[in-house]
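There is one chain below, alone, in structure tokens, taken in the form predicted alone.
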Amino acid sequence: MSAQRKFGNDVLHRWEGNPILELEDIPFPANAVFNGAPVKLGDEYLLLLRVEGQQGYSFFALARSDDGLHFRVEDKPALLPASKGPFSRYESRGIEDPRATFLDGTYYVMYTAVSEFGFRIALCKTDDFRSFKRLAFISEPGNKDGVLFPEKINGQYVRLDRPIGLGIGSVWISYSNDLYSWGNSKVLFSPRRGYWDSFRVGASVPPIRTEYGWLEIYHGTKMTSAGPIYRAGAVFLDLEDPSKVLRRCQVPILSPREDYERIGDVGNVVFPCGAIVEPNGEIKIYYGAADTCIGVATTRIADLLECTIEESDP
């Protein structure tokens, strides 16, 4: 991308070549591609993609790129729902929305397992994104949007997630000594009445350490007569105690405006699932658009800091 920034109605700047991946880029039968988790291995960019197959359930595929913009999808799926063993019963209706975090020398992927019993968070790990080891289900039903912090804080692993209680979807924070058992859970932030994120909020991008605090790029929805509108926002959390919200955006940093974001299997959706911080400080944020394709947008920490204000009641 050009080093010169271009600003429009959003804080994030869309790449002019969006969308970066569409159904036509998938080399096997599928219905849609969206919500890809990015990582950078050396000089190569990888995207672990959510692909919805023609059968109606989702699984993961892998795409590779030399520049983070032009991707080629591998010929076979990277991870399918488990067909046997203890995971199969709770992945019977697919696996969705991966989020990848590099921690303790390996990549951990939190994803949503779907079955007739609802959705819950599952955890697997990989070193090369070719083979994956499933570790555990780490939530009960009714929870999704799990993201893992990239380091321990005060000796514990930390995650964000989005359980549903009384129909309300807030972002919660939880802690663990072993990545398997989680507790000390607290509400971190909630929908705001009268705002763009008044219906539900959920964690999107694994938190990014900055000098201003942990940056969490999240998604928020507002319900309308035509259905929900999914937008992206930003909060900064205390580095030593991430259960404290320091700053939160008053306006969304990305809204569905382009045709590929407004028209698709689920209209009016921008849904981040990961980001890569480049050596020059630019942040590439990868997002699903209208549950039908994938886009990329860029920003800088200073831009996100400028659009947030201090929380008066964290």
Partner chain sequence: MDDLPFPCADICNAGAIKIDGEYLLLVTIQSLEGFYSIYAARSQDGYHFTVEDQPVLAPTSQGPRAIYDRQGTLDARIVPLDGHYYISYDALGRHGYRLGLARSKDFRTFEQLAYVSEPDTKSGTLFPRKIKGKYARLERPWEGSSIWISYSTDLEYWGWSEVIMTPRGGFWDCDRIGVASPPTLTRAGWLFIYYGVKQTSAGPLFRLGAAILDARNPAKVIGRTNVPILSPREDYERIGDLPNLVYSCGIIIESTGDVKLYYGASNSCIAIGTTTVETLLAACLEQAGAL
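Residue numbers count along the first chain shown, from 1. Given the structure is predicted, the values throughout are model-derived calculations rather than measurements.
Just so you know, the form predicted in complex with the partner chain exists too; it's not on screen, but the next bit is about it.
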(request) Specify the contacting stretch among 67-75, 141-149, 208-216, 234-242, defined as having any heavy atom within 4.5 Å of the partner chain in the predicted bound form. (result) 141-149
(message) Please identify the residue among Ser181, Asn154, Thr106, Ser88 with any heavy atom within 4.5 Å of the partner chain in the predicted bound form.
(response) Ser181
(request) Sort through Ser92, Ser170, Thr126, Ser198 and report the residue having a heavy atom within 4.5 Å of the partner chain in the predicted bound form. (result) Ser170
(message) Whether Asn31, Lys40 and Phe132 jointly form a contact site for the partner chain in the predicted bound form is the question; each needs a heavy atom within 4.5 Å.
(response) no
(message) Quick check on Val187: any heavy atom within 4.5 Å of the partner chain in the predicted bound form?
(response) yes
(message) So in the predicted bound form, is the partner chain close enough to Pro228 to count as touching (4.5 Å, heavy atoms)?
(response) no
(request) Report yes if any heavy atom of Arg99 sits within 4.5 Å of a heavy atom of the partner chain in the predicted bound form; otherwise report no. (result) no
(request) Report yes if any heavy atom of Thr221 sits within 4.5 Å of a heavy atom of the partner chain in the predicted bound form; otherwise report no. (result) no
(message) Just to make sure I understand: among 102-126, which residues lie within 4.5 Å of the partner chain in the predicted bound form, judging by heavy atoms?
(response) Phe117, Gly118, Phe119, Arg120
